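Just the one chain here, laid out as structure tokens, in the form predicted alone.
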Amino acid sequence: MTNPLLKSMKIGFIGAGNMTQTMIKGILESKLLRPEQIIVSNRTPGKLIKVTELFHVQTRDHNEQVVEECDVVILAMKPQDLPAAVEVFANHFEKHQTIVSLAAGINLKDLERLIPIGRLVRVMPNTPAVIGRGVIGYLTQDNDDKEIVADLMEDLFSNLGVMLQVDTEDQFDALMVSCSSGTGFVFEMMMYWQDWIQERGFSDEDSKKMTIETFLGASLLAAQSAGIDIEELQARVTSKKGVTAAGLNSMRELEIERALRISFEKASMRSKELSLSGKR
């Protein structure tokens, strides 16, 4: 059941980049809020003009104005910019406000040090949220307001895709790498797929279509096969000593799994580096 308090709330975004625009689009399409309930600020005016034209939301010239006017404030700036930006208005927050950080690598303890007042939550959407098929992970503080904040996150962002509440920073980091960075990893594999098909004489358009439909078809088949593991689905399309088996055996000999795991760990390490840089 949607929180009735949303009808009177104001939601603020500090930063007007692509993810802010995706989130605003999702919120407005869900009919939870009206455009005049959303207020956006940005370091430069160009993106503010764009969000006004697209969504007819309110804009402010200063971040402090967003903080002072809104019940929920979403920090949508780059991780490396967040500490310095927040320092200017951290003392403007009040206890009842919910502060949502989209910054990778800045954990809740760091946020508590930067913003000592208010209800803090980390949220990590991935790019497919722009078409309502995202994975949106969130981590709340472990306090008496935990359920209130969780319900608010579900109400605000469920229109963007699947909502997943995690319990620890390690889980949040794993979700970010596998789903947010993971979208980029999947695109990388799709490029290899398309290149191989093109080398066999197919046009750019056809090779792209074949690649997309293969990945999409496999994903939808897995999604619609309740109670069946992905490993079992793979077995169903693999005959012993057949064409698929030959390719899979080669992938395993080349240790594709090991390469992917290393990629995940490298991304996770970078997240930790961002966290450390925010403390300096």
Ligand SMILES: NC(=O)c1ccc[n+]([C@@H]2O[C@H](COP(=O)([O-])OP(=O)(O)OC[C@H]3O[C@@H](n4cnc5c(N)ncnc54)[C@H](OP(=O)(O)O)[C@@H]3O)[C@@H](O)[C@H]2O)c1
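When you see a residue number, it is the position in the sequence shown, counting from 1. Bear in mind the structure is a predicted one, so any value in this text is a computation, not a measurement.
A second form of this protein, the form predicted in complex with this ligand, is not displayed here; the remarks below concern that form.
Item to check | Contact segment among 192 to 200, 150 to 158, 109 to 117, 122 to 130, judged by heavy atoms lying within 4.5 Å of this ligand in the predicted complex | outcome: Contact-bearing stretch, as computed: 122 to 130.
Item to check | Contact label in the predicted complex: G182 to this ligand, heavy atom within 4.5 Å | outcome: The answer is no: G182 has no heavy atom within 4.5 Å of this ligand.
Checklist entry - Does the 4.5 Å heavy atom contact test between L175 and this ligand in the predicted complex come out positive? => result It does not: once this ligand is placed as it appears in the predicted complex, L175 has no heavy atom within 4.5 Å of it.
Checklist entry - Quick one: does H56 come within 4.5 Å of this ligand in the predicted complex, counting heavy atoms only? => result Contact with this ligand, no.
Item to check | Distance check, K78 to this ligand in the predicted complex, heavy atom within 4.5 Å | outcome: Result yes; K78 sits at the interface with this ligand in the predicted complex.
Next on the checklist: If the criterion is a non-hydrogen atom within 4.5 angstroms, does every one of T44, N63 and A85 touch this ligand in the predicted complex?
Outcome noted: Every residue of the spot touches this ligand in the predicted complex.
Item to check | Position in contact with this ligand when the complex is considered in the predicted complex, options L139, A103, I136, V100, heavy atoms within 4.5 Å | outcome: It is A103.
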